[in-house]
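Here you get one chain, nothing else, as C-alpha cells; it is the form predicted on its own.
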Amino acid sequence: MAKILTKNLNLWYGTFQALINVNMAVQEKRITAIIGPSGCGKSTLLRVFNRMNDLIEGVRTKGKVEIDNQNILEGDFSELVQLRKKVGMVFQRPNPFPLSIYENIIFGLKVHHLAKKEEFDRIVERALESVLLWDDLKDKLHSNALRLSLEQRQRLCIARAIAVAPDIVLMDEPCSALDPQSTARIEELMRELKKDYTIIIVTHNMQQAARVSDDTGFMLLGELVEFDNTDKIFTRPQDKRTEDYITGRYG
C-alpha cells in the first residue's frame, strides 16, 4: 500500500497551472527522487505534501493527495497542524534558528506540546545520534547553532525535523549548498534514515538521484512524465522525453 498517493492533482498559482494531472504512488520507507529542469513543478509538488503552498496567495488545488488513505487537501487548521507534524521539511539552504543547538531541536516539541521537559534531553540525544552529530556536539549543546559548518547545519535541520517523530521527510535540494564531500555524507545519512522514514527528495543532480533513491519521477512543464524504479528510469525509460533529459538532450 502506498504511503502517499496523488490522484489527478492539479495546482494553479493564479492563472498559471504549475501541476497538471499528477498521479503517483510513493512507497513507505523508500527514497523517492523528483527530477526535472528548473521551473517544472518539482518543489511545488513537494510542498503539496505538507500543504506549504497554502501560504502563497492565489494558490488553488484540485484532485486528491492521500497520506495513509486520508485526503490531506481537506480538513481544517487543526488537521493541518497535525499534518505538518507528520510530514517534516528540510530546505535547500540549511536554516537553523539563531538559537542554541539544543533549542533548535526542541523547538518543534515545545510548539506542538509533544513532550515533557524531562524528556527533552533524551529526545535531543536521540535526534543528534540519528544524524551522526551526537559525538561531535554533545559538549556544545548550548552553543549557537549558527557557528556550525554548513554540513553540520544541514544535519541539525534534519535532526530538528525528525525530533517531532514524523513519518515522512521532504528534502528540497538538501545538498545544493554543500561541497561534494559533505554531499556524500548527507546522502549516506539519507540511506540510514530510510530505515525509519519515507523520504522524498527534489534534486537537480541526476547523479544524486541515481545514487540515493529507490524510485524516481521525472517532471516536465508541470506534468509527471514518468515514475518508476530508479534503475529503470535511468537505464530503460519508457518516454522519449525522459530519455532526452537523462542523456542531456533536453534541459
Partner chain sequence: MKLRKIIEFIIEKLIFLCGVASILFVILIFAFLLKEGISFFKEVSFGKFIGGRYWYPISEPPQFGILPLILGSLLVTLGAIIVSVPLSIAAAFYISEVAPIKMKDILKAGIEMLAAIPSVVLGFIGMVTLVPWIKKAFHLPTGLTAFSGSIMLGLMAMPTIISISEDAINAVPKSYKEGALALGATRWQAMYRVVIHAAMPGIIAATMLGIGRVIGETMAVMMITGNAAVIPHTFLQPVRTLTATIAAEMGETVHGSMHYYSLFAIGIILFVITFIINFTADIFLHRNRK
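This is a predicted model, so every value here is computed, not measured. Numbering follows the first chain given and starts at 1.
Although it is not shown, the form predicted together with its partner chain is what the next lines describe.
Contact check for P96: a heavy atom falls within 4.5 Å of its partner chain in the predicted bound form. The shortest heavy atom separation between V111 and its partner chain in the predicted bound form is within 4.5 Å. The closest heavy atom approach of Q208 to its partner chain in the predicted bound form falls outside 4.5 Å. The closest non-hydrogen atom of F107 lies within 4.5 Å of its partner chain in the predicted bound form. Only one of the listed residues (T183, N50, T61, S43) places a non-hydrogen atom within 4.5 angstroms of its partner chain in the predicted bound form, and that residue is N50. Interface residue among A177, L132, V81, L73 relative to its partner chain in the predicted bound form, by the heavy atom within 4.5 Å criterion: V81.
At a distance of at most 4.5 angstroms from its partner chain in the predicted bound form, all three residues L55, M89 and L146 contribute at least one non-hydrogen atom.
Along 136-163, these residues reach a heavy atom to within 4.5 Å of its partner chain in the predicted bound form: L146, R160, A161.
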